[in-house]
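Okay, here we've got a single chain as C-alpha cells, the form predicted alone, with questions on binding and movement later.
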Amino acid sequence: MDLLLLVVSALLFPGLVFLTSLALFSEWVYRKLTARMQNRMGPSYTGPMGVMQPFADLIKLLFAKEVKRQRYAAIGLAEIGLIISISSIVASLLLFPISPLRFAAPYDIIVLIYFYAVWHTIGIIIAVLAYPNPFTVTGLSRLIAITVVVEPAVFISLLIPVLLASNIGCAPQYSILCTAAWSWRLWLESPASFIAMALGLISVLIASQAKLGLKPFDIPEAEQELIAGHITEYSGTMLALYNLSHDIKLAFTALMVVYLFLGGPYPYRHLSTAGILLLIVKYLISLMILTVIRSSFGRLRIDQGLNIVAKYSLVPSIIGLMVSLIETFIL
C-alpha cells in the first residue's frame, strides 16, 4: 500500500503529472502578465484566453519538431541529464504538505537542498555538456558562476524559517513539513522574527530570479552575445524537455516560497475550501512578483549580476540568519 501511494505521489499528485500541469499554467500566467506589462496580447488563441498555448508549444516540440544532431553530441546523455533535473524537483515536492505521502525527518532541509540545488544543477550541467559547442560551454560557465553565488543565498534564506520554526517548538526539528505548517506564525512571533523572515523572503525571491535565469539574470542565454548560450544546440524533444524542466522549477520555486515563507494554506486546514483558495492566491502572488521583476529590468552583465545577487540576496540572507540565531539564543 505504501509503495502504491509512493508511485501515485511521484507520478500523479503532486508528482510529474500535477507538477507539469502547474508548470504549464504558470508559464501561461508568466507570459500573459509579461505581455500585458509590455503592452502586448501574449498567448490568446489556443484555449480560453490562450491558456493552452504552453501545452501546444510543448506538444509541437515533442512531436512535430526535429531534433538537431551534430557530430559530437550525445543526445542520450542530454536526455538523462534533463530527466535528472526534472526528477530532482519532483522528489523535492514530496517533502511538502501538499503531498499525500509526506516524508518528514529532523534536518530534512538538507535533503531539499540536495535535490533542489545539487542534483538539479548536476542534471543541467550533464545535459549542456552533452552538446559540445563554444557557445554552450561559455553559457554554461556563466551559469556555473551565477550558481556559485545563488545557491548559498537560497540555502541560507531557507534556513531562516526552518531555524525559527524549530525554535518555537516545531517538531521534527529543521523539517520542511513542520516549517511549512508553522511559517505563517513566524511573522507574528516577535519583531526580530518578522525582520528575519522579511530579509529571508527578499533574499530568496532575488536568488530565485537568478536561479531561474529570468531577467535581469538571463545572462547564460545572452542572445546577442552567445546566440542562446547553454541551450544553443537544443531543438525538438531536447528543447521541450529543457523548457519543461525550467517551467517545473519555476512552479516549484513559487510553491516553496509560499509554503516556507507565507504559510501555504495555513491558518486554514490544508484540504479545506478556504485553505485551497488561500494557497492559490499566495501562489499567484509569488508568481506575479517573479514576473514583475522579470518585466521591469533589462539583462545585466555577468559581473553586474553577480554583484546584485551578492549585495541584495546573499548579504540580506546572512543578516537574516544572524537575527534568527540571536532570536534563538535569547529564547
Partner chain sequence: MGTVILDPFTVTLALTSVMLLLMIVIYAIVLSIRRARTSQFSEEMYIGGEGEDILSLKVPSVLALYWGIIRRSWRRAFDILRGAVHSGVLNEWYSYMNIWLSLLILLSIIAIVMSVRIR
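Bear in mind the structure is a predicted one, so any value in this text is a computation, not a measurement. Residue numbers count along the first chain shown, from 1.
The same protein also has a form predicted together with its partner chain, omitted here; what follows describes it.
Do heavy atoms from each of Trp187, Ala198 and Tyr259 fall within 4.5 Å of its partner chain in the predicted bound form?
No, the candidate spot makes no contact with its partner chain.
Within 4.5 angstroms, counting heavy atoms, which one of the listed stretches 205 to 213, 190 to 198, 150 to 158, 100 to 108 is next to its partner chain in the predicted bound form?
Among the candidates, contact is made by 100 to 108.
Could you spot which one of Ala165, Leu95, Ala251, Ala127 gets a heavy atom to within 4.5 Å of its partner chain in the predicted bound form?
If I apply the 4.5 Å criterion carefully, the residue I get is Leu95.
Since only the chain is shown here, I'm wondering whether Leu16 would be in contact with its partner chain in the predicted bound form (any heavy atom pair within 4.5 Å).
Because a heavy atom of Leu16 falls inside 4.5 Å of its partner chain in the predicted bound form, the answer is yes.
Heavy atom to heavy atom, is Glu233 within 4.5 Å of its partner chain in the predicted bound form?
Flag for Glu233 set to yes.
Consider Leu239 of the chain shown here, and say whether it contacts its partner chain in the predicted bound form, taking contact as heavy atoms within 4.5 Å.
Contact with its partner chain, no.
For Arg31, is any heavy atom within 4.5 Å of its partner chain in the predicted bound form, or not?
Arg31 lies outside the contact set for its partner chain.
Heavy atoms within 4.5 Å of its partner chain in the predicted bound form is the criterion; list the residues of 109 to 135 that meet it.
Contacts from 109 to 135: Val111, Tyr114, Phe115, Trp119, Pro132, Asn133, Pro134, Phe135.
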